[in-house]
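Given next, in structure tokens, is a single chain: the form predicted on its own.
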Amino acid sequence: MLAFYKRLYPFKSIFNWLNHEHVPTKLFTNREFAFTLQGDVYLRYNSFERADELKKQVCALNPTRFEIGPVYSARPRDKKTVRPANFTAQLRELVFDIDMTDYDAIRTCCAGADICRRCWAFIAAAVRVLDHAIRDNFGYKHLLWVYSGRRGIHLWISDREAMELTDEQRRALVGWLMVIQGGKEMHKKVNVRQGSRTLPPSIKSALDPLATVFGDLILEDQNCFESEEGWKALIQLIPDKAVAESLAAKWGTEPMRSSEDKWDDLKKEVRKFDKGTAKRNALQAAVEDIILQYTYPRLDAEVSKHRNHLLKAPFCVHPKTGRVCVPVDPAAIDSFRPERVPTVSLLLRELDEIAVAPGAGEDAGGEEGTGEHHSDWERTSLKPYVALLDRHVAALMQEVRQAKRAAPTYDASW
């Protein structure tokens, strides 16, 4: 880990991302950093003036990971000398967390902390839906998706308006995006409409692409309704008792029917009722709600509701997998493979190969210590991920520059 922090971690890029400018501002100097050390020692309310100061402290502590918190009204390291009323969280990226364990009730290929290419499709669908929903409905542009290193993905939104949201506004926004709600004891987790009325437009727009995902992922790949447990869970979501009992009897005597067959059986039952009738409308609404329940993003709402929430920094290393928490391009989310993400051991091997390669110059490893090693990550498989962050930062900084140029100036002439 120490070699990783000294030679590979992109502190400069992280600084630019958090600071929005090249010269330090309060967005960085008043930002909280929290460190997790060996033995579960947790150090909060750290703050720094520059990227090299952060790097020096990280290398001195060698944490297993570190987290990023809000921008406070005073420097977090001065918390003990500031009156509580003068130490408040003022700005914070709007963040979201999608974790694969929330899909354990419906995925059939893995469970718990395990993740594979097949169940990653749940995360991919969630990213596509949430990315479009936030861009189209709220107009936010600076969305950074970061793989968590193990079984999930984080979203950081750096638009100024998003950073200024109060806790109440964050709760309202998250509540508007929440479609899947309820614990294990609740069978029906989608309740976003009145009776059998049409879905809200924002959710309706996601239904068609999710219907395709439902067919490919739920019915074919995961085959969620093949087992008795799976089809009984589906039966619980059918509002018409007679239809539910009829399907349960059929599926109980024909246990080898595939999920696609059972879904066709349900659609045939729906078509038995005339269009426009109350029963047809109720069953049609139930079919749509089932698609949403199995494919719509499952959010950890508590992560998003509070400005003072801390979240693991991009490019940290997950201690269980050794994988780096790398940015992800939402446009290429379907081709992203968690198992291909660079690990610390792989990156250090790549550095070793550079060091022994014929003609390797002095810049291959840089000087020992905590100074910047600008070229080291560029020589490893970490390069495309840092480049992705830098492109995100460039767009963010460009907007900041444009806003400054457009701001009215005070005329001091007499």
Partner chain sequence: MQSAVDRKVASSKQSTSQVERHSTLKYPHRLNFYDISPQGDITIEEFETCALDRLRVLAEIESSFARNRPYEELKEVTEKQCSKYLPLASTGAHMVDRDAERRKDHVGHFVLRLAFCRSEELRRRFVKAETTLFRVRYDSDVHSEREAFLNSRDFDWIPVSDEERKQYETELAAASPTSSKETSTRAERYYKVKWTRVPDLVEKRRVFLKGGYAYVPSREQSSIVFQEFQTNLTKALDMTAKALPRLDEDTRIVPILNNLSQGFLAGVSSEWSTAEAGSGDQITAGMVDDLARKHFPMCMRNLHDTLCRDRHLKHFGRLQYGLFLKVLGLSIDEAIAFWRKSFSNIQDDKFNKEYRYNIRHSYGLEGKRANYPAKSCQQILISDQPGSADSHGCPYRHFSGDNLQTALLSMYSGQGLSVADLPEIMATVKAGHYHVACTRVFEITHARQGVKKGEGVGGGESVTHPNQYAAKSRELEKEKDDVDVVMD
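Numbering follows the first chain given and starts at 1. These numbers were taken from a predicted model, which means no experiment stands behind them.
From this point on, the text means the form predicted together with the partner chain, which you will not see here.
query: Does Arg171 make contact with the partner chain in the predicted bound form, using a 4.5 Å heavy atom cut-off?
result: Heavy-atom contact with the partner chain at 4.5 Å: present for Arg171.
field: Exercise: Val129 in contact with the partner chain in the predicted bound form, heavy atom 4.5 Å
entry: Result no; Val129 lies far from the partner chain in the predicted bound form.
field: Proximity of Pro201 to the partner chain in the predicted bound form, heavy atoms at 4.5 Å
entry: Within the cut-off, so yes.
query: Even though the partner chain is not shown here, does Asp136 get within 4.5 Å of it in the predicted bound form, heavy atoms only?
result: Asp136: contacts the partner chain in the predicted bound form.
message: Please pick out the stretch from 316 to 324, 138 to 146, 213 to 221, 103 to 111 that is in contact with the partner chain in the predicted bound form, where contact means heavy atoms within 4.5 Å.
response: It is the stretch 138 to 146.
query: Here the chain is shown alone; which of Ala282, Leu310, Ala89, Met178 has a heavy atom within 4.5 Å of the partner chain in the predicted bound form?
result: Of Ala282, Leu310, Ala89, Met178, the residue with a heavy atom within 4.5 Å of the partner chain in the predicted bound form is Met178.
Option touching the partner chain, based on a heavy atom within 4.5 Å in the predicted bound form, out of Leu165, Ile333, Leu247, Val82: Looking at Leu165, Ile333, Leu247, Val82 one by one, just Leu165 meets the 4.5 Å heavy-atom criterion.
query: Looking at the partner chain in the predicted bound form, is some heavy atom of each of Glu161, Val192 and Arg197 within 4.5 Å of it?
result: Contact check passed for all of Glu161, Val192 and Arg197.
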